[in-house]
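Just one chain is shown here, as structure tokens, and it is the form predicted alone.
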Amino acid sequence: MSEPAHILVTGGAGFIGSHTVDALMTRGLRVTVFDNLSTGYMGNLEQWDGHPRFQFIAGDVTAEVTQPLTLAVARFGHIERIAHFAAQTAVPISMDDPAGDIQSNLAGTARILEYARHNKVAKVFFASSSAIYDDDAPVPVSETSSARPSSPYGINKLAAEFYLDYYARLYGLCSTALRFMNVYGPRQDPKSWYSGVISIFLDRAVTGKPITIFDDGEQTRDFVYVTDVAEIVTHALLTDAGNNAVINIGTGVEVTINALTRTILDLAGSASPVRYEPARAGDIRRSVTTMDKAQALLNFAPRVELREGLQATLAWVRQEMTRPAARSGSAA
């Protein structure tokens, strides 16, 4: 093509979405972010404000998407590929409002797939989740492990994967679904319902507030740094790698919440007290992935080790505390 490709990123003002926008923009692509500003921030995209290859369009995947996206096409031309992040990402919210989660995570995905089918989009990337796995599945989990989600959030992510398969079989729509383990890094808002454990614990360690651990702290997670995730999303989206596949993305390293907490307190030089409360419904006990499929299909090997990633995220948390007005607006 004589001009850079046009990529649509739904939920692109959010945590992982905005890092993916960075990766796409640095590759010289034209990028449209489509977002309802419900859980992320326009501040996440401020580095691209006014850039000739970037545009933001306010919109919601739970509503009709074709009309607002005509504005994107009018400026940047045909949308060739879509990175679909827009979602409701809080497990507790999904349990309180299962119907609402269906609208955001399943119906919203179906609308994006319908748009892609009718407008000859070459490929769709879908942000799936390790929440689809059975809590009793042996660990490390692989893509063939038992899928029996313990929350509506996980159920709808799994159902959306079946929709991707359906559109591939019936309409030839190419896609890749990546099941993320626990993604962390800068721009993960510690004050949000949707925040991950690392951003919350770092915020509390820096401010000296108590850190609350649900359950006994020996539950485990596989923490993967956000720039590693954004790079592999971009690779899967822009190439034929992982076509019509579902692939786990993590590090293959199992870390207990107690060990994570000790590292965070050490890095922050914090004396925050640690408190324990009962386990929360919907939380899985152990989570870590095999890396075989990610390495074979995507040549994926995470670059950022946990301590290094925590140090970078800690620096961002401290920086954000010095400029509270910077993060205005919120995103899907």
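Heads up: residue numbers just count along the shown sequence, starting at 1. A quick note: this is a predicted structure, and the numbers were derived from the prediction, not measured.
Here the subject shifts to the form predicted in complex with a small molecule, a form of this protein not shown in this document.
T89 is the sole member of N248, S175, T89, T109 with a non-hydrogen atom within 4.5 Å of the small molecule in the predicted bound form. Only one of the listed residues (S104, T234, S130, S94) places a non-hydrogen atom within 4.5 angstroms of the small molecule in the predicted bound form, and that residue is S130. Not displayed here, the small molecule is approached by F201 to within 4.5 Å at the level of heavy atoms in the predicted bound form.
The closest non-hydrogen atom of R27 lies beyond 4.5 Å of the small molecule in the predicted bound form.
Taking non-hydrogen atoms only, T227 never approaches the small molecule to within 4.5 angstroms in the predicted bound form.
Using a 4.5 angstroms limit between non-hydrogen atoms, V288 is distant from the small molecule in the predicted bound form. Contact with the small molecule in the predicted bound form, defined as any heavy atom within 4.5 Å, is confined among 138-146, 95-103, 216-224, 117-125 to 216-224.
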